[in-house]
Ligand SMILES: Cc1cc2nc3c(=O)[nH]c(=O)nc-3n(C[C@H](O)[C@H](O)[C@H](O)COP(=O)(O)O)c2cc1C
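The data below hold one chain only, encoded as structure tokens and taken in the form predicted alone.
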Amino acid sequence: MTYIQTVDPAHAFKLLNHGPTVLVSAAHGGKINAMAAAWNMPLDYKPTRIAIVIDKKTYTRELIEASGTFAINVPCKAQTELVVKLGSSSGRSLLDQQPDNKLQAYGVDSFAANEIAAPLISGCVAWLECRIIPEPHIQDSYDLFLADVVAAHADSRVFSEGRWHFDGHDDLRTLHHVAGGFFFSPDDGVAVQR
């Protein structure tokens, strides 16, 4: 994990600014789960706040509401199959089995967050540790959660000095879900002189 660096809070919003599909992990009472989510975005940057849609039927949401925290893990192209597995299966179905969570069931490595109980998923290119801003009306009506980012980290091979740079690291490019199991990844981008 030598490539993991702490991201300055002033730049943490940039980890989601380009609209990647994410893996949301949560933990409460000794239970953990993770799911895929495509509808997320930065909301503010002083402090960094995010918005994310988490369907009320998901087990991950149950853990998020119980703990008040969650992690956003930004997966890369090399993890496409993992994103599909975590996004198309229910952690609730494993509760009476061994292993009793999707990360263990799929052999997904994780590591401890700094500020929250939710695990951070290894192999991703960015991680945001989040604390819910309670907004019961929008959570219940729209499945929309607002959260403060309390810590952020990124893979220094593809994010440094406040920007993404994927050149030479094709497998580490972020994923963007379109529909029907189709994803795309960003190219190297275009720089404009100001």
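Quick caveat, the model's predicted, so the values are computed rather than measured. Each residue number is its position in the shown sequence, starting from 1.
Absent from the display: the form predicted in complex with the ligand. The rest refers to it.
Contact with the ligand in the model of the complex, judged as any non-hydrogen atom within 4.5 angstroms, is confined among 66-74, 49-57, 157-165, 128-136 to 49-57.
Taken together, the three residues 45, 119 and 149 all stay farther than 4.5 Å from the ligand in the model of the complex, as judged by their closest heavy atom.
Looking at residue 86, you'd find a heavy atom of it within 4.5 angstroms of the ligand in the model of the complex. Proximity of residue 90 to the ligand in the model of the complex: non-hydrogen atoms within 4.5 Å are present. Contact check for residue 173: every heavy atom lies farther than 4.5 Å from the ligand in the model of the complex. Among heavy atoms of residue 35, some come within 4.5 Å of the ligand in the model of the complex.
Residues in 137-163 all lack a heavy atom within 4.5 Å of the ligand in the model of the complex.
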